[in-house]
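In structure tokens, the next block holds one chain alone, the form predicted alone.
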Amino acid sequence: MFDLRSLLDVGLAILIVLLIAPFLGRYMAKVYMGRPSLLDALLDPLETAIYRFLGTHPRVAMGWKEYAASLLVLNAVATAFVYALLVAQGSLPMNPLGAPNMSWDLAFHTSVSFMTNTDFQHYTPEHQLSMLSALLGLMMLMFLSAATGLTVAAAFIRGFVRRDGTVGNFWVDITRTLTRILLPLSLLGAFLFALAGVPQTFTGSITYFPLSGGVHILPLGPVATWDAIEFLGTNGGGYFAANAAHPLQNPSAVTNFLAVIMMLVIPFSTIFTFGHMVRRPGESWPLLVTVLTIFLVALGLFMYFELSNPFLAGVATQNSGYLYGAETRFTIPEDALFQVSSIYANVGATSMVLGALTPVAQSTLLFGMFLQSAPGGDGTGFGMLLIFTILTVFIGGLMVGRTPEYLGKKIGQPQIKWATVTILSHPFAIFVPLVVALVSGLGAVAAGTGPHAFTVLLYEFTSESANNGSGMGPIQDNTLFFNVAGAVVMLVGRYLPILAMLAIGGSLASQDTLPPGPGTLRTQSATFALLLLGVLLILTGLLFLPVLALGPLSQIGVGGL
């Protein structure tokens, strides 16, 4: 059974997130509404200079198409810059371990991966990434990708309160997100990680002589800074190949505890940001209850089937009592909380070997990526939740024979069209390359055959489409097919939903706000939370349960993993 102290640690981490979220959510709402805040005296002059350089002004608002075009241009330029850095890193400075130039397809996959907030790594960071590429390239993208997601959520929310067809100014939103949210919180996180023992140095490596003999080189770097934006920005790409299982990146239960809080705090806070931005704080609570219910059930299932799955009794435990593939420095509940938080918040960091998990635990993680909204990644996770909310309002309106409306805005054909495209694009982006890999035989070459190999391939493309970034393995995915196909999947999984969110926000912003009537669906209620929960689970189940039956669930009772 679980140690009671470990369960208390799990409960304390979740409680701290829920205590911080309302206050951080309100602060974020002030940032996006342009309201006064504590950092104004320090940041207003800096931001004014940035706006002058960009040729824009906070009072200049954009329609959704202009907003989307600005977003895509900035993301494309940043991706191209990092791609050029990666293919030339071998001849550039700050390369103490002599990392070679990346091939064009690996550099393409890597630059797209970090720009889309996926951070899926087909390379070994210690040997294939220079410090310059890590700091000037990938870390810059980790900030920019997280900021992009949050700006999209802010623009989407504005559609419910504006009536002039505008959704904000992208350049202002991205600037304020970086200066007022991500940079301050990342600096605080980096300080706490360094204080807890995570390395923070520009020394590339140290040489040590173990008692077993020989000479070993230990890679180092600004790991605490990397950790901060990796977890806070729901990025997930590790400074080391072992990610959060590496003793330098996640050295203790304290850093593990801090990482969990940082992974969850912005996704949960955005729910409260929504309530304040639409000037109806009560609207946040049904959304919070729905997300928290799914998250806690997933955590319970993961822990139960990892520790006491009757189909794998005596198979999955080591002599020490720890599960195969679990980080033995932490307890099973602590490992489980980290892993479920990472996957359900679309971070993708790992402290366990996912291929060694029980089938139900693997299915639980896959289901979180199918949902993308419990709570999902920074900004876009809440955007997906809002799309499911719109579908729920539409279904609820049809059930009572009333014109569906949400927060005074009619939900009609334009909104449902974009919402449907978004929901269906996820399975499309997963299943098309999965089928190609299976039919062509490339999947068998990379991962082998059988139910577990199918699960590994399913996990690969699901993680990329959900912009999650975790991998199951074993799989040889640094190949031309998996690099190019994976990059395309990540682009579709990231930017099609973003365009849909902005389009829905723009269409709503063009409407007048209607007063509530006798037939208006009450969304500030437990009934609506149950309806939303049902829509989330039923739609996701209909789309993905068959493929779970072909993959991880088919392994139950097969004498091993």
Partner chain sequence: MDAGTFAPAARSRLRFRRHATTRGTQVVWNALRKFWPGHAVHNSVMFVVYVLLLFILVITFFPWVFPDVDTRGFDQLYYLAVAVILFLTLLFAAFAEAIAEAQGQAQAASLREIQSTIQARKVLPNGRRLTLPSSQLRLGDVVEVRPSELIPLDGDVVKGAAQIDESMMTGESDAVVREAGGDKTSVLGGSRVLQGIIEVRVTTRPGEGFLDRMIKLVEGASRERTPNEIALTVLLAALTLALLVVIVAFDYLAISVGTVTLDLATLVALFVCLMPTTIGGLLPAIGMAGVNRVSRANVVAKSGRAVEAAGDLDVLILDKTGTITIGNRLATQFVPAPDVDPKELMEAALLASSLDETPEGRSIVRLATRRGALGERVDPEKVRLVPFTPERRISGIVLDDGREVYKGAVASIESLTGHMPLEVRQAAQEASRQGMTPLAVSSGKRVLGLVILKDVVKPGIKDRIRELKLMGIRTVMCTGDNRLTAAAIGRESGVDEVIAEAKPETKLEVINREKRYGHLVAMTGDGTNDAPALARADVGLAMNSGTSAAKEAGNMVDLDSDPTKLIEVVSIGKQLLITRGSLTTFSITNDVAKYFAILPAIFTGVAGVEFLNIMGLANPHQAILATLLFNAITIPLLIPLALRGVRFRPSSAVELLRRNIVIYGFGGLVSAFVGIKLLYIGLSLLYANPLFIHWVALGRAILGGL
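Numbering follows the first chain given and starts at 1. What you see is a predicted model; the values in this text were computed from it and never measured.
There is also a form predicted together with the partner chain; it is not shown, and the following applies to it.
Novice: Indicate whether residue 556 is a 4.5 Å heavy atom neighbour of the partner chain in the predicted complex.
Specialist: Contact check for residue 556: yes, within 4.5 Å of the partner chain in the predicted complex.
Novice: Check whether residue 510 has any heavy atom within 4.5 Å of a heavy atom of the partner chain in the predicted complex, and answer yes or no.
Specialist: Result no; residue 510 lies far from the partner chain in the predicted complex.
Novice: Does any part of residue 428 reach within 4.5 Å of the partner chain in the predicted complex? Heavy atoms only, please.
Specialist: The answer is yes: residue 428 has a heavy atom within 4.5 Å of the partner chain.
Novice: Looking in the predicted complex, any heavy atom of residue 252 within 4.5 Å of the partner chain?
Specialist: No, residue 252 is distant from the partner.
Novice: Taking 454, 521 and 542 as the candidate spot, are all three within 4.5 angstroms of the partner chain in the predicted complex by heavy atoms?
Specialist: So, yes: the whole triplet contacts the partner chain.
Novice: Which single stretch, out of 371-379, 411-419, 114-122, 214-222, brings residue heavy atoms within 4.5 Å of the partner chain in the predicted complex?
Specialist: That would be stretch 411-419.
Novice: Among 41, 69, 49, 514, which has any heavy atom within 4.5 Å of the partner chain in the predicted complex?
Specialist: It is 514 that has a heavy atom within 4.5 Å of the partner.
Novice: Name the residue from 395, 248, 278, 242 that puts a heavy atom within 4.5 Å of the partner chain in the predicted complex.
Specialist: Here the answer is residue option 395.
Novice: What residues of 399-419, in sequence order, lie within 4.5 Å of the partner chain in the predicted complex by heavy atom?
Specialist: Contacting residues: 399, 400, 401, 402, 403, 404, 410, 412, 413, 416, 417.
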